[in-house]
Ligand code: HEC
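Form predicted on its own, single chain, as structure tokens, below.
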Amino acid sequence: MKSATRVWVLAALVFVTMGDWASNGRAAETSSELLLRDDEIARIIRHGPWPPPRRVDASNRVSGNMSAAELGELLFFDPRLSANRQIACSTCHDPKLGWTDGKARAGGLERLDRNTQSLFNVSGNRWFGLDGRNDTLWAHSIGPMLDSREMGATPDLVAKILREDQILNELYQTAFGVSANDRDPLDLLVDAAKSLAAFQETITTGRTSFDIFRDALEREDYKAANDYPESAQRGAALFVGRGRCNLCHIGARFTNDEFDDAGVPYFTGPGGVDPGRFEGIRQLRASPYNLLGRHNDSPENASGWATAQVAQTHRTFGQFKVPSLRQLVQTAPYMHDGSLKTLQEVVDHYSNIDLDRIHSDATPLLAPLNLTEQERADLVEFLKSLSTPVEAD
């Protein structure tokens, strides 16, 4: 049985007897300053493995279809899908900017109230949008096209492009088994969104230094684990320990896919308020594209039970989606309103969080951490380790 006492995770191994190894579960080592308890190691191991198994969306009949993904990629970068023929999906979701836009708040035809979410690993989401207004990736792809503030398109405009562009029409027929000329505009809009979703499903992140560390801990290879920087190790221990960050940022994707109030003001300007999840639930239930509707390609396998059960309550006002922390070095600025520019500012926010800003009905998970300067630096280094290196242009 492994010891429950603290053990050294160090850079150099010392000789131990076989009896010591059996009783302690790992070798005693002597050159690092970091101490990890068994329970901390167990919590770290729960954040993996990565990558997860490929996930196919049963509600989208072209999920995983490469022809649909190719069609979706062309549509994603096509500004003809906007009313002014100048705005594409990639305008706000730029692959060079971590599939976001680097701005505090998004803007299409008009400036919006929220930060642009990255598309990294988006196929793993349970809810979509900062307010969870959609229950599938394909339904969430419809919103920006039709929103008068974003792209301002119509079903007729989308249908016209799919019918008249020979390359798009051929790809559509390969993916869906029918000519775009034989489908009505609304169905073509939904199919375009399902193709966009098939493409977005391919936007995934690779393994990181954290994943290598985590896997080494799981197989009890503590020599290999010591290649992970000491500062990041201390940050990991803080993340799963006193910081309790793992209560919301759990699992391999570092998110519980739910919603909470992080103490960030939800005012959008003078007299303006962003209701967050509260309004998102209303839009989800009212949407003709949710899993309860006719556009769900596999209702028996992808039921909308969660959509049917979710309800507006007072506590959901001002709540926003808990984001994944993977590849976050590329997705600044942070929070739903883009108000925090750096990871250091994010850590400072949680270290000194103002509880008076948290909605009174929210679950009391947060409390000021009062981190030291070293602890803040360690936590930032850990967060950075959840990203793969960014290649230079």
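Everything quoted here is computed from the prediction, not taken from an experiment. Sequential numbering from 1, following the sequence displayed.
Unshown form predicted together with heme C (HEC); subsequent notes refer to it.
- Using a 4.5 Å heavy atom cutoff, none of Ala69, Glu170 and Thr205 lies near heme C (HEC) in the predicted bound form.
- Figure note: of the listed segments 196-204, 225-233, 210-218, 153-161, the one touching heme C (HEC) in the predicted bound form, with heavy atoms no more than 4.5 Å away, is 196-204.
- Although the partner is absent here, Ala377 lies well away from heme C (HEC) in the predicted bound form, with no heavy atom inside 4.5 Å.
- Although the partner is absent from this view, Leu284 stays clear of heme C (HEC) in the predicted bound form, with no non-hydrogen atom inside 4.5 angstroms.
- The closest heavy atom approach of His336 to heme C (HEC) in the predicted bound form falls within 4.5 Å.
- Using a 4.5 angstroms limit between non-hydrogen atoms, Tyr289 is distant from heme C (HEC) in the predicted bound form.
- Though heme C (HEC) is absent from this view, in the predicted bound form it lies within 4.5 Å of a heavy atom of just one residue from Val62, Leu325, Leu36, Ile44, which is Leu325.
- The single contact residue among Leu188, Ala175, Ala237, Ala106, judged by any heavy atom lying within 4.5 Å of heme C (HEC) in the predicted bound form, is Ala106.
- Taking heme C (HEC) as positioned in the predicted bound form, none of the residues of 61-75 brings a heavy atom within 4.5 Å of it.
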